[in-house]
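Take a look at this single chain, the form predicted alone, given in structure tokens.
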Amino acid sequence: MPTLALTEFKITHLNAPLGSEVTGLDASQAVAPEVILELKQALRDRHILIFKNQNLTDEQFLNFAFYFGSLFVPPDDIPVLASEPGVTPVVIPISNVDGGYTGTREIAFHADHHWTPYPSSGSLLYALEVPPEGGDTYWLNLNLAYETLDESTKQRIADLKLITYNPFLRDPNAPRSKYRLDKSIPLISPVFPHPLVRTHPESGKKILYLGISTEVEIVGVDPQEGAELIEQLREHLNQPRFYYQHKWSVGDIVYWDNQATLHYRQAFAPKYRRVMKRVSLAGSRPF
């Protein structure tokens, strides 16, 4: 009998500090239970999964995403990307055309929804059109960043709480601050301190839970001392040995663990189209 040329489902670890590539899986079809469990374990181990050669409707994309969790819904008074009061977009257009979000600029390393009470557990981003150059996305391994700190720094930060201020409530014309030194600024929204060293809710791994440039403040620490500590931690974080650079192809879906990674986007020329769709999944209270 002739052998059928079927591509078998396979998870291949990338030669990088995080990430696995998934081949031989059609996300538009029902996925077997053992495959879903294998994917969940790979995400715990590797923090991002890259699914190649997908072709999905919005409904199929959602059906696939919801194997891994339910939809992230922010509180009405805590704006996030694409927020409208009382409305949570389900599939968000990450695009520089047709009313999409994030434009063409460089976007510094960050975790999504860090300033909310229950940040998203992860997101899936599906590429429909990609520019010929630029627009790459990098992901950074926050567990590896924590593990490579010296012991005295680990002890110093073990019990600290961090407030990440909501970037969507910032005055776009004001200078960007990376640390809140000014105690006289009135709070215009609730704030939610989270552990600076977060424990991953499924793997138990320790995570250095800090973005590169969002405005933050360490609770109960002298502002000058806090600012210096955060600057030192960010310098440690921002090293190529912690990250993977993804050059997008049409049909890629990248599913990242938003609890264990940061992501960054290269700028790209406005003359190019970059059209993607994102679904974010609900998370839990960080501990």
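When you see a residue number, it is the position in the sequence shown, counting from 1. Here the structure is a predicted model, which means the values were calculated and not measured.
A second form of this protein, the form predicted in complex with a small molecule, is not displayed here; the remarks below concern that form.
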State yes only if every one of L125, T137 and R265 has a non-hydrogen atom within 4.5 Å of the small molecule in the predicted complex; otherwise state no. yes
Which is the contacting stretch out of 105-113, 198-206, 158-166, 143-151, given heavy atoms within 4.5 Å of the small molecule in the predicted complex? 105-113
Can W256 be called a contact residue for the small molecule in the predicted complex at 4.5 Å between heavy atoms? yes
Please tell me whether any heavy atom belonging to V80 falls inside 4.5 Å of a heavy atom of the small molecule, as the geometry stands in the predicted complex. no
Classify I94 as contacting or not contacting the small molecule in the predicted complex by the rule of any non-hydrogen atom within 4.5 angstroms, answering yes or no. yes
